[in-house]
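The chain that follows stands alone, in the form predicted alone, written as structure tokens.
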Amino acid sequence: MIYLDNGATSFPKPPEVARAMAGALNRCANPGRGGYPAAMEAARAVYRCRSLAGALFDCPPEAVVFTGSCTQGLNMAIRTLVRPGARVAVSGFEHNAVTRPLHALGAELVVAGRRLFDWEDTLTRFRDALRSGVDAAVFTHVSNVFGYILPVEEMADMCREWKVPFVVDAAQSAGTLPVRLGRWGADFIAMPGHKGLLGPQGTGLLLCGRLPEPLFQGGTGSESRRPDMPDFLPDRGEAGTLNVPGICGLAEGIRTVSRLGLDTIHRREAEQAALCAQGLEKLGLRPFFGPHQGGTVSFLPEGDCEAAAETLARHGIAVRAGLHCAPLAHESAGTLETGTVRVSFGYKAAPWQTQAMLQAAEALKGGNVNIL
């Protein structure tokens, strides 16, 4: 199988990740719950991961809150900043992990920027939204459907200028592009551990520029006499026992990303996504591509998207078809009724993967084309 669904999760993981998780099961007890060696080893392992994440994301280790997923982090961040019925600016490319929590709060969404790969449109509409008066902003760094890299630094600058608190969804950018809590001045940045950071499923990070409102209440191993959650980071956001084996695996994923370098990873992924888009266009299929694009490209086959993905799977190519949990993004691109087939490259992106994908895509046309 040639795996091109890294937008869903990175696969396979670096072998160091599995080894670290197995080691944690044999060496680590519960961090913060005792002074004996196994508990102290767990505490050290957790802090090592916080420190690695802090160095990569321009924030102090204590500002790194471990979550079970990016979705959990986004819910915590959104519920901290957004009161019921608030007016919130979002981009036209948000995932349901953003829009559903906002809907649950009865928020009024101001959708800013609908044109793919068009920074001018995104920035103009986002500025208009802030000027119109909003209580908060939540926006993705990279569209999970189309790979569009939004101008987050400029959007962050605007939020600070207009004194609008904001959350960045870094689900598709953490581990591939620079993500900087300090530089951006974000209130929160949420990310998964299992995508670009190469860790296991069931891990995530919430980078906190302010104290979050906890999603869960419970034990933290600190200030046990007080009836409410601690008022300091990271404890305030971490009720209950942490996923220590997952965190140890995540630490190794972050080490791999840091060793390879973000520039190298992004270049590999973006180059292959561009070549894939060009090849799909030569086949007469309809890819969505343009400037400011990362390692993901979506396309429209001649027929049903799900059937096209099944055909590719029979040829050994793993991709994803449908709406990708992001109907707002599809609405913006005009593909809400059809969905798309999504090809998403990973940190080991290479020309042979692209060539194999395009050769398999010939079956969607029923003919042979000289692709590359």
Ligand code: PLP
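All values reported here derive from a predicted model rather than from experimental measurement. Start at 1 with the first residue shown and count on from there.
Below, we refer to the form predicted together with pyridoxal-5'-phosphate, which is not included among the displayed structures.
Participant: Under a 4.5 Å heavy atom criterion, is residue 125 part of the interface with pyridoxal-5'-phosphate in the predicted complex?
Facilitator: Taking the distances in the predicted complex, the answer for residue 125 is no, it never comes within 4.5 Å of pyridoxal-5'-phosphate.
Participant: Is residue 69 one of the residues lying within 4.5 Å of pyridoxal-5'-phosphate in the predicted complex, judged by heavy atom distances?
Facilitator: Result yes; residue 69 sits at the interface with pyridoxal-5'-phosphate in the predicted complex.
Participant: Is it the case that residue 95, even though its partner is missing from this view, gets within 4.5 Å of pyridoxal-5'-phosphate in the predicted complex, heavy atoms only?
Facilitator: Output for residue 95 is yes: heavy atoms within 4.5 Å of pyridoxal-5'-phosphate.
Participant: Is it the case that residue 186, even though its partner is missing from this view, gets within 4.5 Å of pyridoxal-5'-phosphate in the predicted complex, heavy atoms only?
Facilitator: The answer is no: residue 186 has no heavy atom within 4.5 Å of pyridoxal-5'-phosphate.
Participant: So, a 4.5 angstroms cut-off on heavy atom distances: do all three of 7, 140 and 144 pass it with respect to pyridoxal-5'-phosphate in the predicted complex?
Facilitator: Every listed residue reaches pyridoxal-5'-phosphate in the predicted complex, so yes.
Participant: Looking at 104-112, 188-196, 296-304, 274-282, which one sits within 4.5 Å of pyridoxal-5'-phosphate in the predicted complex if you count heavy atoms only?
Facilitator: In short, 188-196.
Participant: So which of 208, 74, 179, 251 reaches within 4.5 angstroms of pyridoxal-5'-phosphate in the predicted complex, heavy atom to heavy atom?
Facilitator: Exactly one residue meets the criterion: 74.
Participant: Could you check which residue among 247, 171, 155, 167 gets a heavy atom within 4.5 Å of pyridoxal-5'-phosphate in the predicted complex?
Facilitator: After the contact test, the surviving option is 171.
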